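Here we start with a single chain on its own, the form predicted alone, put down as structure tokens.
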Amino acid sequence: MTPKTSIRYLKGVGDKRAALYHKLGVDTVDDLLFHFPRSYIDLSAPHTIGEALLQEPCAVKALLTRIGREQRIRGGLSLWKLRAEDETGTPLDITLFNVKYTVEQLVPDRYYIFYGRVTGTLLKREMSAPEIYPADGIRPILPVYPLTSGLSTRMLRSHMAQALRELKSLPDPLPADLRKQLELPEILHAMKEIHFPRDLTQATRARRRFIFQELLVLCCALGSLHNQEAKTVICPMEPVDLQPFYHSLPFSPTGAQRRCIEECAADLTRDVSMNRLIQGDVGSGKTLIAVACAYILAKNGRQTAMMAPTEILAEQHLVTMSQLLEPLGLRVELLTGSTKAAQRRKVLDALALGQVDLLVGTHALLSDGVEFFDLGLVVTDEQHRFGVKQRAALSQKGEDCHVLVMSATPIPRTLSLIIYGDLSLSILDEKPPGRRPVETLLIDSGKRTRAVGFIRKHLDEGKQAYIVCPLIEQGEMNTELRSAVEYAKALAEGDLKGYRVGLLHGRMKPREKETVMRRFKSGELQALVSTTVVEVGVDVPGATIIMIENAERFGLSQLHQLRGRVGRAQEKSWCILVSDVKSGKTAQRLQVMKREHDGFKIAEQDLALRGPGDFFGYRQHGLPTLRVADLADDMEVMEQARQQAQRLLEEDPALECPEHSLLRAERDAMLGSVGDRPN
């Protein structure tokens, strides 16, 4: 048997059960081995009946004294009543359902270990449908696996044991010297320990080995992407004196902005192309970095293209960048799908002649006929909206192109180094002075009427408000959550009757969304009821209140992004979170929102409270689904893996050495599973 052997050739599997395994993503023996336990049952130190904690799953060792007769109950189900006793004198009454084979194997007056939840009283204990094991000869630690209907835990354990018994070897992607250095077990040994450990310490040791392996492969994959981007040797630009640029600004840049500009300027004067991510919180001034880079390019006689995800954002950038660059003699133009034919010809002619220094636009920049005189820098805004291929398509319109990516989604720094391993990282961790924090209130649904009255008061003063709902239509996901469609109608006909109320949601066509946002931005609409599509950063200075319904449905980072839609001017602004959740981690998250305004600190706590699976979708950010590692819990191992990957790639950039061949294969498989990673 080899790792590539089909699962159906294991004894007791066959085609029918192979189809069930396929639902778990298990098609080969190798897939089965990497289907790791989600937890373990500890039978090593069973309780007596009297010691067992009520309402807690635990193992109880007792003498089986009576097996009742089979009873038929409604629906054709079978029921058996058993009794067990021990030296404490407290009886344990056990109820079993539809397990005739299990009952037939039981022998009265023998000791068994019963594993399940104990209920009852101090004088009489009960268990319903426990797992039952012989007291002698049982493994002390048993794995518990993710299952699908039709596959039982016992069945999976049996097939796993068979696979490990018959598999003579398993290729190990970790080089022997690295395993020795980090004291990690060899892969087949670790595989036996993670599935059938002698104790929980052994299980933890094996799991750590596989966590490290998975994160090392991930870091090698992203490190290889970085090396691939960086190896293009280009003609470096001449250094540019930035003092005239700084003197022309109508404000003083923050220290963080100056630092990021210096990092970009250093990149642009190297003989390899820049691939840099500017990651900054809402309102941290990322646009200024792109403006400074465009200035450096123009002083070197080269052009810059900036691609935004929507026309309204592109227009917003045009206004900001024109105000900053035109006084310095630079020409800034706009190109979108809505650009009129005559204006389009005019812009394209000037672009081809080198008369346009900075072209701002949407996907229209990628279209045929858009030809630059000498494109040297591509800037993409809101990185998760663009794929590598789109970025590359724009870069191919020039030679020796540099790339600058901007993201307003704060992510913990260590995690950024992993997710954006193919980009150098600059962090804007300082906000321009004078920006007032948004005051955040947490209320329950009983105070909603008062909150809407508060919104009306602000609308009467000429201000604007967002009202955000998590769902689009009533009945989605079978919940009673507020529906954007129904809520907008109810508000327009009720509490906000007489006010101009708009609706925005993800099922609208892009042109419809843009029209609604333009009406809101211009002040034609006073209140905008929206789903989370409002997250992406359109600047509406008149908006001073955002009320978020069912706030428990959102992650902290998402709530922080939504809160950033208000407070864009100097006016006092408010964020009202509506939730009836009073306890647990969700309530903790909402309390964090009340007291914290730093997006990076919020992201750290969001990751700790929810884990990365909820923090963001892996596919959204281009990460493959991890089978065993948890980016929230395994940060220490991740940093160790990152350092080792960096060392390996410095010594062997293409992983061409024979001892790295298996690691290279794992890396290539991971890159293949991701495809066109969004940036």
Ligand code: ADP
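Bear in mind the structure is a predicted one, so any value in this text is a computation, not a measurement. Numbering starts at 1 and follows the sequence shown. By rigid core we mean the largest C-alpha set that fits within 1.5 Å across both forms.
Although not depicted, the form predicted together with the ligand is the subject of the following passage.
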For the chain seen here without its partner, which of 598-606, 253-261, 82-90, 104-112 has a heavy atom within 4.5 Å of the ligand in the model of the complex? 253-261
Of Asn550, Ser273, Thr586, Thr287, the only residue with a heavy atom within 4.5 Å of the ligand in the model of the complex is Thr287
Just one of His363, Arg568, Arg344, Arg207 has a heavy atom within 4.5 Å of the ligand in the model of the complex. Which one? Arg568
Give a yes/no on whether Asp539 approaches the ligand to within 4.5 Å in the model of the complex, heavy atoms considered. yes
Can you tell me whether Arg331 touches the ligand? I mean in the model of the complex, with a 4.5 angstroms heavy atom cut-off. no
Could you tell me if Ile94 has a non-hydrogen atom within 4.5 Å of the ligand in the model of the complex? no
Distance check, Val282 to the ligand in the model of the complex, heavy atom within 4.5 Å: yes
Using a rigid core alignment, state whether the CA of Gln279 is displaced by 2 Å or more between the shown form and the other one. yes
After fitting the rigid core, is the C-alpha of Ile289 off by 2 Å or more between the shown form and the other one? yes
By the 2 angstroms cut-off, has the C-alpha of Leu428 moved between the shown form and the other one once the rigid core is superposed? yes
